[in-house]
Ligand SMILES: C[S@@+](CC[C@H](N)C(=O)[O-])C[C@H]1O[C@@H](n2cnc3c(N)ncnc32)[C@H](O)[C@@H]1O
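Here's a solo chain for you in structure tokens, the form predicted alone.
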């Protein structure tokens, strides 16, 4: 077993700040929306840690529980059904102390992969949210993710923190080569790095993590010098998301970095079979990007608007992509279905509202047919809404 980093919980590092920022900002609108399904919510933090860092900063457990409290306080629903479970192999006692003001939560001492099936047993028709921020890559068994998708839940969402460069590093070891750029890991603090060797056992474990052996040609190409380490990581992340899409229709890949202009070293993966969860995550990323830039740049002013991937926002490019995508819809299609697939193709490059604004212009130019139900208000005025839900439906079809 790899050596654990005993100083990991002394202070909250920038990586943890970025990841928890995204979790917190998504989880609040998610809980508010999911309560209106009138189905129980089951939240599981699969690698909860201590719940709190020794410098006083909140960990993911306290962030999630405070959001649950806020949503319960603001909802008009009586007795909203929410249960929360926190799993950790090494720090269950610390969790109990730090979560002492939440006596209703369940704390499980043990491994996520040994306990998650039991936790989800009997939760049919519930809304499931799994936060999976593993200490190493070994616990990310793709077969488990497949199994979750087959559960008879009302909905399920996974938010996975994937140490993609950690996978590339160990895949190199397993195929008898080394990953040259050791400086890449200098500011990525790992609690329990996974260590592989050149053996069939390691290859089998990597296949289980990846959900296949598609990673092998990537490492071979890197070994031959045909691609560099950054290309290898990007290819692996792309194919990993494609693999997840065998079980989850909507998979968002969000590269994370903590320094301006730095290559991504980590991937946050959001997987769900529900389009509205996908669209909610897109807007969460875009709405909170300013806060994430503040973390990255140390508060320095940004001269150009940028997206989640530190790329300059090109309005013409987004419009071109919108036209290219929606021009494929020759039959009437739900607007939200088409929007979700747009972000599957291009990533969260802008907010859903920005794309809707472009579509509104295309409607006015009579290039896009937009059918709304209801098509008139109670006062007889023609409707112009661009959001589905709450008795509103929109279908779109390309005209020319």
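Just so it is clear, the model here is predicted, and its values are computed rather than measured. Numbering follows the first chain given and starts at 1.
The same protein also exists as the form predicted together with this ligand; that form is not shown, yet it is the one meant from here on.
Participant: Among 90, 327, 204, 177, which has any heavy atom within 4.5 Å of this ligand in the predicted bound form?
Facilitator: The option sitting close enough to the partner is 90.
Participant: Quick check on this chain: which one of 254, 139, 71, 237 has a heavy atom within 4.5 Å of this ligand in the predicted bound form?
Facilitator: The residue in contact is 139.
Participant: Would you mind picking out the stretch of 211-219, 152-160, 314-322, 81-89 that comes within 4.5 angstroms of this ligand in the predicted bound form, counting non-hydrogen atoms?
Facilitator: Of the options given, it is 81-89.
Participant: Should residue 53 be classed as touching this ligand in the predicted bound form when contacts are defined as heavy atoms within 4.5 Å?
Facilitator: Residue 53 belongs to the contact set for this ligand.
Participant: Is the gap between residue 111 and this ligand in the predicted bound form 4.5 Å or less for some heavy atom pair?
Facilitator: Residue 111 belongs to the contact set for this ligand.
Participant: Heavy atom to heavy atom, is residue 94 within 4.5 Å of this ligand in the predicted bound form?
Facilitator: It does not: once this ligand is placed as it appears in the predicted bound form, residue 94 has no heavy atom within 4.5 Å of it.
Participant: Against this ligand in the predicted bound form, would residue 134 count as a contact residue? Criterion: heavy atoms within 4.5 Å.
Facilitator: Residue-level check for residue 134: yes, a contact with this ligand.
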